[in-house]
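The chain below stands alone, shown as structure tokens; this is the form predicted on its own.
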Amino acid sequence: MSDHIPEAGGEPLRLRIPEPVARPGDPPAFRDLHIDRAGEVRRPPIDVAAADIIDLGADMIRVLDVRGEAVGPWAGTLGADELRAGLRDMLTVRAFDARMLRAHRQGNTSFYMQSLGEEAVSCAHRRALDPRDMCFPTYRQQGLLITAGYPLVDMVNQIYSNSHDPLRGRQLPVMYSSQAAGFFSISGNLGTQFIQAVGWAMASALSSDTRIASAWIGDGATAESDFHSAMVFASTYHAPVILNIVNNQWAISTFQGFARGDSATFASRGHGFGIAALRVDGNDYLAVHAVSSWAAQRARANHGPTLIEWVTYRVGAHSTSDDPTAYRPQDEPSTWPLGDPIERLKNHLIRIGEWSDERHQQCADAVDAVVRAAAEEAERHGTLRSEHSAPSSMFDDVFASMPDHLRRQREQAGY
């Protein structure tokens, strides 16, 4: 046998490097974004076969039209009081984000991540769940906690890592954890929470419980192997789980085309696994709530998992360590075609005679006062620049009963 390898003919091989439509200095452009008219996308029964709704992975479910009217088959799931509560939830998240960004500039915390422009995704979704359900979030779903009524003071204490931090300084800022609030511990390793949620949902079913799980992942992290492992297990065992993909267009400085590849949408990823998949206007509070309720009912009725792509936009920086003007047009956020979730819900309430600009300002002022009071209370327990949890606490809660070797280590450390 000859060891000679003949030369290949034709052109040299090359790779495609995806590029966003616009970079700094270019005019913003969203020409690749497919948007359906509000009210046009059908609403199937919760027991529909995944193969029968393939079109819903490409279409975009929307309820609010340009006039602020709620139209179509997904409308009518919420009353005026529920809508006002949702508006207050989103206003609280936005006020909290603004206060914590200010705290970062003042040196009170080392790090923060806001959800500016994405508030509807988490706030409306949490309202559609049972309080006993468990969410497995990423670091941008503070709306899940706030909507669940988790104390704002405890959230600030965690961000400041002060003496009243419920996690005792063992997590990075914004990586909250509360079993009582249905909020699983956040991991800095992206993607892990997706398969954890599927496992939790399987355990719930195996124990004949009635609680479902809600998993969260960003568009960029869908390229992680954990995403695909979660999809296999969810599909195989019909786990009672909602699989949420927040497509906010940017994975730090990488546009969503890298993780999506040649797939038509992120929702279409569900088709190959036989999972019901839907694509939704993530800045439409009514659409988010309606689809979340549909998916929750489907899971609770043992019809299997649902994959949902929430199409939204990350208006702010990825984190306080990021400068988005380095990789996207400066005015791109203001040209996002799906608008602002708070303004859209506000306009809808005004349209139906259940709100006004004056009441909106009063609500915003009241929410800001509540957030400011919570931040001031937390500051009395210390900030990054002052009081912290005792170093000796690193030895606590590792085991139910401290073993001898850990006790010796604590003594050697002088505690």
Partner chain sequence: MVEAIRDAHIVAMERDEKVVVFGQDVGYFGGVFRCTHGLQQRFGKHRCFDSPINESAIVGAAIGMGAYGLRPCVEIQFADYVYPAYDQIVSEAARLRHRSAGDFTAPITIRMPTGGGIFGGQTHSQSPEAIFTHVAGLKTVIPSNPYDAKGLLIASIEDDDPVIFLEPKRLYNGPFDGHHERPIVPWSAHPLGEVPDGHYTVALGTARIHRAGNDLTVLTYGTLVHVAQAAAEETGIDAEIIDLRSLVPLDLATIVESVRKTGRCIVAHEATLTSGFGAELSALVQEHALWSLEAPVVRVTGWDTPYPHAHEWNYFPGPARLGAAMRATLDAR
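Positions refer to the first chain, counted from 1. Under this definition, the rigid core comprises the largest set of C-alpha atoms superposing within 1.5 Å between the forms. For clarity, every value in this text was computed on a predicted model and none was experimentally measured.
The same protein also has a form predicted together with the partner chain, omitted here; what follows describes it.
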Within 4.5 Å of the partner chain in the model of the complex by heavy atoms, the stretch out of 170-178, 77-85, 197-205, 292-300 is 170-178
Can you pick out, from Ala95, Ala223, Ala103, Val315, the residue that has a heavy atom within 4.5 Å of the partner chain in the model of the complex? Ala223
Answer key: of Thr138, Thr254, Thr320, Ser235, within 4.5 Å of the partner chain in the model of the complex (heavy atoms) is Thr254
In the model of the complex, is there a heavy atom of the partner chain that lies within 4.5 Å of any heavy atom of Arg23, even though the partner is absent here? yes
With the partner left out of view, is Asn247 within 4.5 angstroms of the partner chain in the model of the complex by any non-hydrogen atom? no
Is there a non-hydrogen atom of Ala390 within 4.5 angstroms of a non-hydrogen atom of the partner chain in the model of the complex? yes
Looking at the partner-bound form in the model of the complex, is Ile53 within 4.5 Å of the partner chain by any heavy atom? no
For the partner chain, considered in the model of the complex: do all three of Ser110, Phe395 and His405 come within 4.5 Å of it, counting heavy atoms only? yes
Quick one: which residues from 172-190 get a non-hydrogen atom within 4.5 Å of the partner chain in the model of the complex? Leu172, Pro173, Gly188, Asn189, Leu190
Look at Pro24 and decide if its Cα position differs by 2 Å or more between this form and the one not shown after superposing on the rigid core. no
Threshold 2 Å Cα movement between this form and the one not shown at Gly261, rigid core reference: yes
